[in-house]
Structures are given as C-alpha cells and as structure tokens.
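Presented as structure tokens, the chain that follows is alone, the form predicted alone.
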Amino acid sequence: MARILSILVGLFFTVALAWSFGLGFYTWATEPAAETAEHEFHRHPKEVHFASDGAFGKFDKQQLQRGFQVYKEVCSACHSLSHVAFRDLEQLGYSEGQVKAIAAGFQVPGTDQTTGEANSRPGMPTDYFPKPFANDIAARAANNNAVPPDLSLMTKARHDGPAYVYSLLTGYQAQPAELLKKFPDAKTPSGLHYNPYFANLNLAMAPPLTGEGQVEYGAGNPRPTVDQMAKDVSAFLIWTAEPKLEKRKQTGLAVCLFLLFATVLGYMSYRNIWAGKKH
C-alpha cells in the first residue's frame, strides 16, 4: 500500500511539473514579452582595441601609467583597488622611490603604537590601496544611495569588461526624445544620469571624465581628451584584473609549441614502431 501511495504521489508531482512546463512554454510562444526601455535602448559596448589584446598582445606601460594617473586623480575619490598593493606599481615601470612617494600620498588605516587606537598614516609600498569611504553607509551618503564598486577586477567581472568600462565612461548623453515618447515613465530620475551602456540605462555616478584640463599628462603623451583618458584607465584596469597577463600568454605559447612538438614526435614514433606490421 505504501509503495502504491508513493508511486501515485511521484506521478502527481511529475504531471504537475510537466503541466507547468507546458503552460509556461505555451505562454512564451504565444505572448511576446512586453517591450521595455532597457531592452530597446541598451547598447552593447563599443569596439575598442587595446595593446594587450590577442594572443601576442603586451601591455603598453606608458598607457598603463597614464591610466593609473587618471585613476589616482579622478576615480580614487570614489572607487577602491582593494586587490592591488602599491608595490605592484613597479610592474608599470615606476622605480622603488616613485612607488614610495605614491604610497605616501595615500592615507591608510593604522594603529597608534602608544594608545592602540585606530588612526591613519601615510601608506607604504606593502600596503594595499585604501578604500575612499569608511563603510558602505558613508559611501551611500556621498553617492546618491549607491555604493561605488571596487575596480580591481572590474574588467573581469563584466562581459567585454575593458570595452564596457570604456563605453560607460564615454557614453553619457541626454535621454533620447524617442525613448521618452515611447516610454514616458522611463524618464531618468533626478540625481541619476542616462547612459545607454549601463544595464538599466540610469546610474548614480555622474560623468567622471569631463575633458582636457582635468588631468595633465606629461610631455610626449597624447592629449588627455575624454576618449583618451577612458582608454587609458580601461587599459590600467585590464592590468589590475590580471597583472600576470603577459606571463600567462608566454606560458600558453610555450605549452602549445611543446604539445605540437610532442604530437609530431609521437606520430613519427608510431610510424617507426609499427612500420611493416599489420594492425
């Protein structure tokens, strides 16, 4: 009796599941999804090329230094780089003395050696980049109730990460009249900013890059336009997300060459061992 009951219960749930699936499929097939402003006006990232792209790509250290300058002078006011230590900047071509000077320009959490109380102190090369806000509450209060994300792994955390960052930084614009005509309720709320490269079209971050004069590049560098600064900081964030990128590519190339050599060697050995034998 118990066995029959268990079979009936299982059969009931199987039929219910099949019915739900069939009903859902029928609804999906016969009733098109409602149009939304996000679906119609959201854009895919722009096409942009970086020196590190491709199997043989390498970092442009001069561009990475410019990108770090943009981060330090603009982005660091709101965004952290919690997975990057100051000493890592030596990989960008900075000397030990320059790294010490850069670290000293940041205040990091410390402890008073006399009283044991928390305080702040100048950074050292072994420290990691500090957070710009004490906690999420302070971050929300300063950024229209939004917590600025950490940028260390941003180009890995987003689809087409480098192109996404570049597109977002250069994509601020006025809301299209066509959007407001078709979706009157989708008007960008006060305090938010329209950007078609952001998932829901509106974000709390105001345009961070405003144009020439915001960051001064040294002699021999391109003009610091919004487009150029966006490319540079995007390239820098590629490095923060994967500082061993060049080493990984070199290792991968060596492994591929070894496997190719081993394949040819194995095939020749096979032909030599089995030559003249039926198999």
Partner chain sequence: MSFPWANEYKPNHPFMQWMDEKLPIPRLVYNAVGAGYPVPRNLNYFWNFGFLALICLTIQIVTGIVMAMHYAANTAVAFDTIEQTVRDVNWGWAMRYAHANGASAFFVVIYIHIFRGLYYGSYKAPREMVWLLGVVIFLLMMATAFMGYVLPWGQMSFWGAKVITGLFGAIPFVGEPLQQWLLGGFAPDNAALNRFFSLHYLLPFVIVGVVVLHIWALHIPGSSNPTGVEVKSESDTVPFYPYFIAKDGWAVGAFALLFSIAVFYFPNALGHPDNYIPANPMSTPAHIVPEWYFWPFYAILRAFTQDFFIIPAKLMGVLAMFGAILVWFFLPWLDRSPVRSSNYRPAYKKFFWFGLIPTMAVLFYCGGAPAEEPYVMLSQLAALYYFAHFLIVLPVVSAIEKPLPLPYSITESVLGHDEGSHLRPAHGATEAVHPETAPGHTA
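Positions refer to the first chain, counted from 1. Nothing here was measured: the structure is a model prediction, and the numbers come from that model. Rigid core here is just the name for the largest C-alpha set that superposes within 1.5 Å across the two forms.
Here the subject shifts to the form predicted in complex with its partner chain, a form of this protein not shown in this document.
Engineer: Between K72, H193, H83, R121, only one gets a heavy atom within 4.5 angstroms of its partner chain in the predicted complex; which residue is that?
Structural biologist: Here the answer is residue option H83.
Engineer: Using a 4.5 Å heavy atom cut-off, which stretch among 72-80, 174-182, 156-164, 93-101 contacts its partner chain in the predicted complex?
Structural biologist: This holds for exactly one stretch, 156-164.
Engineer: Would you classify F106 as touching its partner chain in the predicted complex, given a 4.5 Å non-hydrogen atom cut-off?
Structural biologist: F106: no contact with its partner chain in the predicted complex.
Engineer: Heavy atom to heavy atom, is G211 within 4.5 Å of its partner chain in the predicted complex?
Structural biologist: Contact with its partner chain, no.
Engineer: Report yes if any heavy atom of A51 sits within 4.5 Å of a heavy atom of its partner chain in the predicted complex; otherwise report no.
Structural biologist: Result no; A51 lies far from its partner chain in the predicted complex.
Engineer: Hey, in the predicted complex, is V215 touching its partner chain, heavy atoms inside 4.5 Å?
Structural biologist: Taking the distances in the predicted complex, the answer for V215 is no, it never comes within 4.5 Å of its partner chain.
Engineer: Need the contact residues for 233-261: heavy atom within 4.5 Å of its partner chain in the predicted complex, sequence order, or none if there are none.
Structural biologist: Those in contact are T240, A241, E242, P243, K244, K247, R248, K249, T251, G252, L253, V255, C256, L259, L260.
Engineer: Core superposed first: is there a CA shift of 2 Å or greater at Y267 between the shown form and the other one?
Structural biologist: Yes, because once the rigid core is superposed, the C-alpha of Y267 moves 2 Å or more between the shown form and the other one.
Engineer: Is V15 displaced by at least 2 Å at its C-alpha between the shown form and the other one when the rigid core is overlaid?
Structural biologist: Yes: V15 shifts by at least 2 Å between the shown form and the other one.
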